[in-house]
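The chain below stands alone, shown as structure tokens; this is the form predicted alone.
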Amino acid sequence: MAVCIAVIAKENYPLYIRSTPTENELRFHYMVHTSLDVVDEKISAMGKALVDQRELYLGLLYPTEDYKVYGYVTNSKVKFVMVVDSSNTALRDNEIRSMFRKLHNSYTDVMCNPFYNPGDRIQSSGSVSLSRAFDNMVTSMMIQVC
């Protein structure tokens, strides 16, 4: 189960961050921020191979004592970061991939909305129903127990 999900813009500012235990919210923000360096390293190491391939999943970025941080990057260089509780050993790599694909599809739906300005934060409090649908999908990913 994911404890934090973040969508980071091409310019490395957060478009969306959601974490489950709100008392550790600052810790998760820090983990997401520090993972961007690892994402940039992996992207630059792949170089042209990333452009040629359709593999957008970056895999495990780094583990900590309590959590594992995974990454995904889109063709437009938008980054998805997912923090998973490391005690959940039932969560496999292919399940993480499918969670990122769902997240990417939902993000694409938000981007296709004519009322969404690219680069703005994705907020569920507005009148845009797709933002609420994105938020509900993230909530279901965080609640889901594998």
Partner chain sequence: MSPTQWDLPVELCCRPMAFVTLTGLDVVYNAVHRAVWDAFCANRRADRVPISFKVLPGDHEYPKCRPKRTSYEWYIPKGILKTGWMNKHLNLVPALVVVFYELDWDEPQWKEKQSECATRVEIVRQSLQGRNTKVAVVLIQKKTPLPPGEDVIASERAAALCNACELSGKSLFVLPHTDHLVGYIIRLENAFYEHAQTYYYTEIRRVKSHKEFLNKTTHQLLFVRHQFKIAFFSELKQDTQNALKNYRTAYNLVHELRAHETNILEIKTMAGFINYKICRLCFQHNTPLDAIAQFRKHIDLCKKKIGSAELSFEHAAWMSKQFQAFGDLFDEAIKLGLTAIQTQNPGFYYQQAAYYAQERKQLAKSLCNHEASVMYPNPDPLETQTGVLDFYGQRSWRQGILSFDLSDPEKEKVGVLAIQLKERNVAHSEIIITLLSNAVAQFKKYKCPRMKSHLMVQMGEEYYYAKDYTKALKLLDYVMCDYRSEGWWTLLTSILTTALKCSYLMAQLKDYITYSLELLGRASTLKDDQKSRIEKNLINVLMNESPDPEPDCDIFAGKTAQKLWADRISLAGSNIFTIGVQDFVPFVQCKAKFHAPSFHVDVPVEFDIYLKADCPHPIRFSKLCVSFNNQEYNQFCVIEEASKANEVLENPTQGKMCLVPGKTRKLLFKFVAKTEDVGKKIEITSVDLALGNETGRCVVLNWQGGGGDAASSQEALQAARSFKRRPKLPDNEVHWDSIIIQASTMIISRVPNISVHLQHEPPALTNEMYCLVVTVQSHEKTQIRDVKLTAGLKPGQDANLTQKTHVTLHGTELCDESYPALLTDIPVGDLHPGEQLEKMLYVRCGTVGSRMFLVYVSYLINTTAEEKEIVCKCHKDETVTIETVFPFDVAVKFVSTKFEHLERVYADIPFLLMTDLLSASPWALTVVSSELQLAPSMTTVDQLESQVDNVVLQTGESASECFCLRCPSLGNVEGGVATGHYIISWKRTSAMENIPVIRTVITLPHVIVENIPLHVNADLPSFGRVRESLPVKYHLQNKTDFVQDVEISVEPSDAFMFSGLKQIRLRILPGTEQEMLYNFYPLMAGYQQLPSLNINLLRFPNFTNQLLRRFIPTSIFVKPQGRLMDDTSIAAA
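Residue numbers count along the first chain shown, from 1. All values derive from a computational prediction rather than experimental measurement.
A second form of this protein, the form predicted together with the partner chain, is not displayed here; the remarks below concern that form.
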query: Non-hydrogen atom within 4.5 angstroms of the partner chain in the model of the complex for each of 55, 77 and 109; finding: no
query: In the model of the complex, residue 41 touching the partner chain (heavy atom, 4.5 Å); finding: yes
query: Residue 61 within 4.5 Å of the partner chain in the model of the complex, heavy atoms; finding: yes
query: Partner proximity in the model of the complex: residue 117 to the partner chain, non-hydrogen atom cutoff 4.5 Å; finding: yes
query: is_contact(residue 12, the partner chain) in the model of the complex, heavy atom dist at most 4.5 Å; finding: yes
